[in-house]
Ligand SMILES: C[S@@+](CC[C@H](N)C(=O)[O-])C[C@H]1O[C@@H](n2cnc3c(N)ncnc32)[C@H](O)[C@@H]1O
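This document opens with one chain alone, in structure tokens, the form predicted alone.
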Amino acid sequence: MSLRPVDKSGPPVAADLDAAIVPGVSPQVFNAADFARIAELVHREAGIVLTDQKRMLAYSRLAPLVRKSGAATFGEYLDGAARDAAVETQLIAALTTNHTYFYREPHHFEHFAQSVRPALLAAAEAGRPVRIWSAGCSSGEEIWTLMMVLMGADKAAARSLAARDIVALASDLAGHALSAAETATYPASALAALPDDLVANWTEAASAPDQRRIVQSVRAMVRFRQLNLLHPWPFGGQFDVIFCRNVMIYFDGPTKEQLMAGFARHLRPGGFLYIGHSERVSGLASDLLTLVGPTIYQKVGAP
């Protein structure tokens, strides 16, 4: 099917002009009621707030899915999504933003390397499980940066880590982003911001020209899971480190507070939470987390 543009061959109809919420798109295909359904769905299921200014974004992200489904209109597609959980999940995933890059917000990784890594290595060497979570890992640049920093510049010294009980969870709502993250293959140019020794130690040439892949010993330490942060989390353990950066900027206040409280509960005493540069801890989590650096929080209590 094709998403039909407004027919401009004849005089415009006033009602159509009033109802056309995206320039050049017929309200019969995509209208205010459709957008309201989309906004309600993504807020209910993913905590994302879509204002009226996001109408074009919703249309452009979902139009390919509408075409692929064979539906003639967004309304028809949304009816199908309401009957099929897999289609609904795909719809929500298409509206999540997956922009990320290696070594984003370097001060986080510098703090991790200097203030957190030594204790994690000591714990691992002593036989204690070490657990790390990248919540909202997108296409993987964050979790692979974190794991390379954990492994460090001394390749010989890091070899024993692979035999220790160190496991990282990388989760995201978007299945296509998780697939890219698990592939762990990127253009060599995308690694330019990383320290050269980390790239040399923990990546290798991929099958395609000008591509690099994270080495197997590092890939084996990460588990990927599709996870909606607003639904019950299918684990009960605690983490030493949680990264959740630039995810909560799309949520309303109560949703942010709910998520922060969940992270605080799932951190070990003394564990660290890293959030995005424009995000802040609030609500119940404020009693459990102490600010120790720019958008870096530590859970109260002795490790």
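Source: prediction; values computed, not measured. Residue numbers here begin at 1 and follow the sequence given.
What comes next is about the form predicted in complex with this ligand, which is not displayed.
**Student:** Is every one of 48, 142 and 174 in contact with this ligand in the predicted complex, taking contact as a heavy atom within 4.5 Å?
**Tutor:** Looking in the predicted complex, the three residues 48, 142 and 174 all sit within 4.5 Å of this ligand (heavy atoms).
**Student:** Tell me which stretch of 64-72, 22-30, 263-271, 244-252 has a heavy atom within 4.5 angstroms of this ligand in the predicted complex.
**Tutor:** Partner-contacting stretch among the options: 244-252.
**Student:** Does any heavy atom of residue 138 come within 4.5 Å of a heavy atom of this ligand in the predicted complex?
**Tutor:** Contact check for residue 138: yes, within 4.5 Å of this ligand in the predicted complex.
**Student:** Would residue 221 sit within 4.5 Å of this ligand in the predicted complex, counting heavy atoms only?
**Tutor:** The answer is no: residue 221 has no heavy atom within 4.5 Å of this ligand.
**Student:** Wondering, does residue 78 line up within 4.5 Å of this ligand in the predicted complex on heavy atoms?
**Tutor:** No, residue 78 sits far enough from this ligand in the predicted complex that none of its heavy atoms falls within 4.5 Å.
**Student:** Taking any heavy atom pair closer than or equal to 4.5 Å as contact, tell me whether residue 99 reaches this ligand in the predicted complex.
**Tutor:** So residue 99 counts as contacting this ligand.
**Student:** Within 4.5 Å of this ligand in the predicted complex, heavy atoms considered, which of 111, 104, 212, 164?
**Tutor:** Answer to the contact question: 104.
**Student:** May I ask you to choose, among 227, 180, 169, 153, the residue with a heavy atom within 4.5 Å of this ligand in the predicted complex?
**Tutor:** Contact check passes for 227.
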